[in-house]
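First comes one chain, alone, set out as structure tokens in the form predicted alone.
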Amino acid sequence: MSLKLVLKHEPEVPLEAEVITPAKLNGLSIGEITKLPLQYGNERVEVGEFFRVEGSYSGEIHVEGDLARVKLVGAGMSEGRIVVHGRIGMHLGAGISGGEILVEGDAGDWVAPEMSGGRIVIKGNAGHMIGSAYRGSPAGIRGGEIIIHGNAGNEIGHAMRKGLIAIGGDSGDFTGVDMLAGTIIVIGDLGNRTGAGMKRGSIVSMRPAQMLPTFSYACSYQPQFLRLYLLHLSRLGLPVTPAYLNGRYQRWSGDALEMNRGEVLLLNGEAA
């Protein structure tokens, strides 16, 4: 039997719930879990004030309700699985190093900042700064996977160093800004200023895109590494077609301000 936390009433201000993570709930009784502290605005409250707790932990935690104002669920997670039945707030999976988080609705800003391992799957849309570095930090995510079935906002993969971010819909402006390495795949449209300041890594889109003048066309080819990624994403439910698997991609090198060691790959078509 899995552990279930059901939101009893929606918080009026942000509720910080980093205690909702396998390592912190494993081995605790229902009574002990309800006594764990949460930060509610400028007050300390107990889990039981906002959540009804049922079952026992057996490797999986289910969280139910409209959690759009609940932050930091799964922060520091290293094992186990969390399933969110509904929307979830900011900083989901901050610093996650292992395990899996599945969100069946939308997610707020800052999903998995500075992630180093594990997998996060968002069935709906996500906000800005997905898989990004915190302001002032030299690097963003260092490993793991973030899979978003819908659209995502601005600055996806900011200062990303390693790992995979895949967007089934569109991404906003500055996708892969200051990217250090890793791979970002966007099935839909890219926003403006893609790859600005990127040093290494790959950004892929299945649609034409407006490239910055600091990127230059290199060639057209079939990248074999991308086929492997796309087959993996297809198994995870993203809309991968044979055209994506077998098509040729235009390779744009950049950013010239950072010695042209990064790349943007565009399926077929001309750059806009």
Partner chain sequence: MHIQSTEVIDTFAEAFAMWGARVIITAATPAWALAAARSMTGFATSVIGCKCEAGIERELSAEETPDARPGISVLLFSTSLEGAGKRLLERIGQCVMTCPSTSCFNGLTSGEGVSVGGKLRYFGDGYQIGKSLDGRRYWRIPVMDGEFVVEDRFNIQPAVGGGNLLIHGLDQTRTLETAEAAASAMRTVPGVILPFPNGVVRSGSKIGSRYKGLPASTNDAYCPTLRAFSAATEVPLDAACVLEIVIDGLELRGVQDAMRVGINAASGNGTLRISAGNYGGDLGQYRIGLYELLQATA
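Note that the coordinates shown come from a computational prediction; the quantities given were computed from them, not determined experimentally. Positions refer to the first chain, counted from 1.
What comes next is about the form predicted together with its partner chain, which is not displayed.
- Within 4.5 Å of some heavy atom of its partner chain in the model of the complex lies at least one heavy atom of residue 183.
- The closest non-hydrogen atom of residue 202 lies within 4.5 Å of its partner chain in the model of the complex.
- With a 4.5 Å cutoff on heavy atoms, residue 244 does not count as touching its partner chain in the model of the complex; it lies far away.
- Under a 4.5 angstroms non-hydrogen atom cutoff, its partner chain in the model of the complex has residue 119 among its neighbouring residues.
- Contact with its partner chain in the model of the complex, judged as any non-hydrogen atom within 4.5 angstroms, is confined among 126-134, 156-164, 75-83, 93-101 to 156-164.
- Counting a residue when any of its non-hydrogen atoms is within 4.5 Å of its partner chain in the model of the complex, there are no hits in 35-50.
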